[in-house]
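Next up: a single chain in structure tokens, the form predicted on its own.
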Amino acid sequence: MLFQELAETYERLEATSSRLEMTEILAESFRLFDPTDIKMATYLTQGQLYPDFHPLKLGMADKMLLKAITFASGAKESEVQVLMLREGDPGLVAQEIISRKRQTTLFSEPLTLRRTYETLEAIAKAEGGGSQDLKIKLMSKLLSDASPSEAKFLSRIITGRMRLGVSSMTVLDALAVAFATKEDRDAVERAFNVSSDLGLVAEEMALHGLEGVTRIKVEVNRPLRAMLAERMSSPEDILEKLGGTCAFEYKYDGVRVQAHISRGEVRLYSRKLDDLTSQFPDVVAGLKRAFAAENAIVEGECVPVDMNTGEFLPFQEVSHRRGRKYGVEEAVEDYPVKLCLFDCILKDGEDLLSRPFLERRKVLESCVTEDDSVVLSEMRVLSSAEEAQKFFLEAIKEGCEGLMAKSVADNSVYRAGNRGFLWIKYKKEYRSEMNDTADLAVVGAFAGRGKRKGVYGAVLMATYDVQADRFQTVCKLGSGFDDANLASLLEMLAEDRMAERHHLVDSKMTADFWFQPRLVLEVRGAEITLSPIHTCAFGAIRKDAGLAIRFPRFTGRFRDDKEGREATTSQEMLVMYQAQLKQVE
């Protein structure tokens, strides 16, 4: 298969903003692709080489890529730099520069998909002395043999900024249409949720159809997508929703961790499937001591603690442990954590996903010997709202955010990658107007003025509408940022910059800058109000208004454990509005 075939598919995808059209384009292409190539094609469409959880990441800094474009084309470096300043997209730079080269030069070695993939893999693996020169050399060779269109998408793939707007869900839709039926979509998504490997799902669908994906099971060291919870505002409502009795657990304020244990070896993964093993060696050691099973997958929360008093500390303490490559031993001493386990997904080869929650909890209890570093989450099965509220206040006193309520019914399975009312969050802030926090995606920004000249003066924040697969604006956020935060925003959002509004963003406002919705910030507001200019849950309360957060303020917490589609949903925001003590209709 030629890489040009994939580039042609990308050109068609780039030309539409309709998810339905994208699905049809991908489905048509998947049917034509060689089944043995479809895994590589699927990864590259996501701007990566491997599944999200693989530690080796594809990525090349813009500066290095521009050098590769220069070497491949023979253009002047200043010419490439000027073009980059104008376009802001290395893909468009590569397309134009290679197009100019094509006027005088013919290429003789067409790019195959396999050669392209293997070269990109070699670039990702290059490290040590001379690695930068090697990366540039390998990339320039690809570009020198590329057509302008191929050069554009090669440059976007290598920088991880595809700009196609193709989500994992769109790929799953296309796979179902191409190799099964729309009615089989849930089975295809389940395979992805339990494997977190879109390439594997695509390959199985292409080679074996629906039967292939039904064989994909939970495996140790292949993390599954986390189950998520809904929100409700009172224990009375929660108990009614969950049948009168449920398990209430402390809702810890820490880092959610999925631990994979195999023959004494432990690997830790975050909600975003990042490998955290090297950052939490104390948790790894604690699990080796405390957990008794040949192999297992368990979930818990790494919570910062005061080792002198045993008290839980705010999330900001454990955030100091994230992303470290150096000084890990010192961080373990300075920012100790306790792992509070709350679920068991697999034990000794047995998949527990379809088992009721209390059965999974019983398996977990049978495997854990608690100590100072690893404990079971605090849990009580209750049928009384009064008792639940008492337990809630106890959790708050202990430094928790509130409670998690979990169904104990026969159907209380673990729904990987899904949000639903089998698990419900009950946090202290839900009991008054909007003292609650929301996790919102940055979709745009406004140029700073006065003291903020040169940085962003405010950012446009959005919720995620699950049903429509759209990001809907909910506030313009300018408060709560200090100088360091503002500088960080410039850096964090640099690679997300887009020339125009992302096609999944629904906005009535016009921002000075637009971004792909990736970065998530924690925001607190005074209350949720109706607004004619914001699109969150537009028309749900009043036909000419959406929901907006009044007096929003950044809490200082960058939610690097979440990605755009894990932001607070528009549906959640609607529930929070309806739960307020004061409403306007």
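When you see a residue number, it is the position in the sequence shown, counting from 1. Computed from a predicted model, the values in this text were never measured in an experiment.
The same protein has a further form, the form predicted in complex with adenosine monophosphate, not shown here; the description that follows concerns it.
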Open item on the list: Quick check on R256: any heavy atom within 4.5 Å of adenosine monophosphate in the predicted complex?
Closed with: yes
Task: Proximity of R565 to adenosine monophosphate in the predicted complex, heavy atoms at 4.5 Å - done: no
TODO: Decide whether R553 counts as a contact residue for adenosine monophosphate in the predicted complex under a heavy atom distance cut-off of 4.5 Å.
DONE: no
Task: 4.5 Å heavy atom contact, R156 and adenosine monophosphate in the predicted complex - done: no
- [ ] Answer with one of K406, K338, K152, K135: the residue that has a non-hydrogen atom within 4.5 Å of adenosine monophosphate in the predicted complex.
- [x] K406
- [ ] Identify, from the list F192, F179, Y269, Y250, the residue with a heavy atom within 4.5 Å of adenosine monophosphate in the predicted complex.
- [x] Y250
Task: Region of this chain that lies against adenosine monophosphate in the predicted complex, out of 330-338, 489-497, 242-250, 347-355 [heavy atom, 4.5 Å] - done: 242-250
Task: Residues in 329-366 with any heavy atom within 4.5 Å of adenosine monophosphate in the predicted complex - done: F342
